[in-house]
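Presented as structure tokens, the chain that follows is alone, the form predicted alone.
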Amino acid sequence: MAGLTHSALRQIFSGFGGVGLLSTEMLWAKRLPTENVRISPYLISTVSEKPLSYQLLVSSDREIVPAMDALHRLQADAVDLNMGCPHWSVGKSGSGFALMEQPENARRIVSQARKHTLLPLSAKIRLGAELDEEALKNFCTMLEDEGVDMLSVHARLKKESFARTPRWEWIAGIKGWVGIPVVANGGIFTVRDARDCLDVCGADGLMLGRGAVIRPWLFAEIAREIYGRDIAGPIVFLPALYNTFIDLINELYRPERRLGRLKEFTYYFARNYQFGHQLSSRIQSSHSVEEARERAAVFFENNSLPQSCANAATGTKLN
């Protein structure tokens, strides 16, 4: 979720409610100790973004101690070791999914991390490069043995695209192998998806990615409909939500950091509209945030209703 899980969007998630744990974008452990917390777009946060887990890309156990010291100074609420990102730029550094292909290196990293923090320690993984039950079981149990407190599992293989239906049933297998909480990730865009996922795998929780960027109120819907949380049904006015996002990025980030984040968000947010591709293309070709805001206003004026005016599963109204 690079370029997306930053402070502006986290604040919007929190505003709707239902979020159990927020996450930063991926942070390079080797760079973290020298990042300027006052201006780094990756480290800016507010008091409303709690609890907040800091997501680390680590390639060596030698990076752990300085990174953990930095996270303690930042008053992190939890630490997440990313072992699931399959992007080539991450893999070439030995981080992300590369750690699943180097289990001994992963073991050293987790062991060192556990020694140097009392914070909750989680790891995010995929199912593997191929379906290999023994290898996956060994990796998951190793993580638990070395001190990981929670596993988040993206239910696809390394090279499987988002178009591929997640293999939620494999998360059920992982649940049977470990005694720590297991969180399911992948393919959750609606309350019905969430319920189907939990029915199949029995996970202890759900991690939302793209689905929550499209519909930032999805956390609240799931918390109310599935977990019985006392959260009022969110009334969503999409143009106001979009403008709130723009106001937040203007408030939080330096000018050169704003437009890219708006384009990333719009790519997903636009899917709420039948002709959302028009909104997305207009924003992608904008040269400033204010030009983008003006173009979005014209689009909203001509497209007053999104593709679906009511979510059948929740009754949430979209205007």
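One rule holds for the numbers: they count along the sequence shown, beginning at 1. Computed from a predicted structure; not experimentally measured.
The form predicted together with a small molecule is left out here; the points below concern that form.
- Exactly one listed residue, out of C201, L208, A106, I231, brings a non-hydrogen atom to within 4.5 Å of the small molecule in the model of the complex: L208.
- Of the residues I171, I188, I222, A113, just one reaches the small molecule in the model of the complex with a heavy atom at 4.5 Å or closer; this is I188.
- With the partner omitted here, the stretch from 25 to 33, 246 to 254, 281 to 289, 41 to 49 that lies within 4.5 Å of the small molecule by heavy atoms in the model of the complex is 25 to 33.
- Interface residue remark: S53 is not counted as part of the site for the small molecule in the model of the complex, having no heavy atom within 4.5 Å.
- Proximity of R156 to the small molecule in the model of the complex: non-hydrogen atoms within 4.5 Å are present.
- At the 4.5 Å threshold, heavy atoms of K124 reach the small molecule in the model of the complex.
- Remark: N82 counts among the residues lining the small molecule in the model of the complex, judged by a heavy atom distance of 4.5 Å or less.
- Across the proposed site, I12, L238 and Y242 without exception lack any heavy atom within 4.5 Å of the small molecule in the model of the complex.
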